[in-house]
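Before any questions on binding or motion, here is one chain by itself as structure tokens, the form predicted on its own.
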């Protein structure tokens, strides 16, 4: 069924064709778009082309392979722009910083078509999901602006305790290094990048390893909308760029979404780790727990979306399914039937759900997980499960999965769905407790007493418990975090603003002279921090 999954050039709709290879040589440092004349990194699309005689690797562009030298220049620009907290950006009024971000959002929206097209070609994300990622990012920026105004309103007052008059404000941390993931290279990157900027930090931004070209339409937007040195964008291999940045000790905030091993390796390079604030979204092995009284049809619908949306390439995906043995047969029958109905194809095709995978070697990795599971007694229980054609991997449903298999504990981050039968709920509780990860889980059932017991048993193991629904990040106003190796810090619209700032207390004894000084500063607008004005 996968023989003709890839298109010929002529079969690609004209509106989604790329106009030639995109050679992206620009990078942004100190307000200047610099042109790189050195070696380039090929961007290979997961959308392989059918040339009539087989599959043909599809190189859609290239990006700069910058070195330590260019990375340190970007860092120097960010450090200079911050200037120990006295630079134009960190001391700028919140009203003016908001104006810069609003201008950026206005200009960014003009690039929607180009960004969406590049997301499809670079990471294989289908058209509706690519559009949703762009639109959700814009909404996130709007919500961030609203929340910052609300936060400022709450802080625009004086406290008086024990004859000490004080005002508490939030101020930037310093220089931030922001790195996002390839699966949501726009949205999840901007959920740290925008809060970092709007709170007054200066930023060095390195795009994800895959999902890089889509930044090209936004480079000039960044340049146009922010003062020089406030946002610097670099490309290249992590060991030659990020490592050099961290070793300087000049990074104050590290925002990273990726693997816990990658985060640990980078953090270790910082010579003053106690001075480094980290905001990390890391690995997950989110379980679905299907109780004996669960609504099977509901569970199938939610688990299908939870495990296979964007090919299961989501940290919030359901990565292992525990089904009570009394209903495992009926669940598997309905679940595999639902998987068979998922449309496979190219990202721009209508109603397509399963698309090619962007990571080189990913299909071989997933096939290895499937073969390992087979060696220890599991079977692929859906037709065509695990079939491979180049970058395309047809979803594989594995049953029965047990603790001897890699897939039992290892995050697959792809379209492999392991199903574990259980007899006693304590088996599942023990799995969650012993897991190295603790992001989320989903419980499917009807009995309030049983669900309440599970909540109490597992609330201290994960960051979110979902009842009769799949795991997910949103809504973005809710906290997004994790325990163990799954996260460090909390992200939400409100929490992100706090993550990239620190509270400063401006205080004085309550004397006539001191009150007159404070009143004069406020009345004559002599400070951007000590003030009572209201931002509309």
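In this text, all values refer to a predicted model and were calculated from it rather than measured experimentally. Numbering follows the first chain given and starts at 1.
Omitted here: the form predicted together with glyceraldehyde-3-phosphate. The next part is about that form.
Only one of 170 to 178, 311 to 319, 381 to 389, 453 to 461 places residue heavy atoms within 4.5 angstroms of glyceraldehyde-3-phosphate in the predicted complex, namely 311 to 319. Contact annotation for residue 241: none of its heavy atoms lies within 4.5 Å of glyceraldehyde-3-phosphate in the predicted complex. Contact check for residue 183: a non-hydrogen atom falls within 4.5 Å of glyceraldehyde-3-phosphate in the predicted complex.
When glyceraldehyde-3-phosphate is considered in the predicted complex, residue 136 lines it closely, a heavy atom lying within 4.5 Å. Contact annotation: residue 38 falls outside 4.5 Å of glyceraldehyde-3-phosphate in the predicted complex, judged by heavy atom distances. Proximity to glyceraldehyde-3-phosphate in the predicted complex, taken as a non-hydrogen atom within 4.5 angstroms, holds for one residue of 508, 58, 50, 472, which is 472. Note on the partner interface in the predicted complex: the residue among 283, 252, 188, 302 having a heavy atom within 4.5 angstroms of glyceraldehyde-3-phosphate is 188.
In the predicted complex, glyceraldehyde-3-phosphate lies within 4.5 angstroms of a heavy atom of only one residue of 480 to 508, namely 480.
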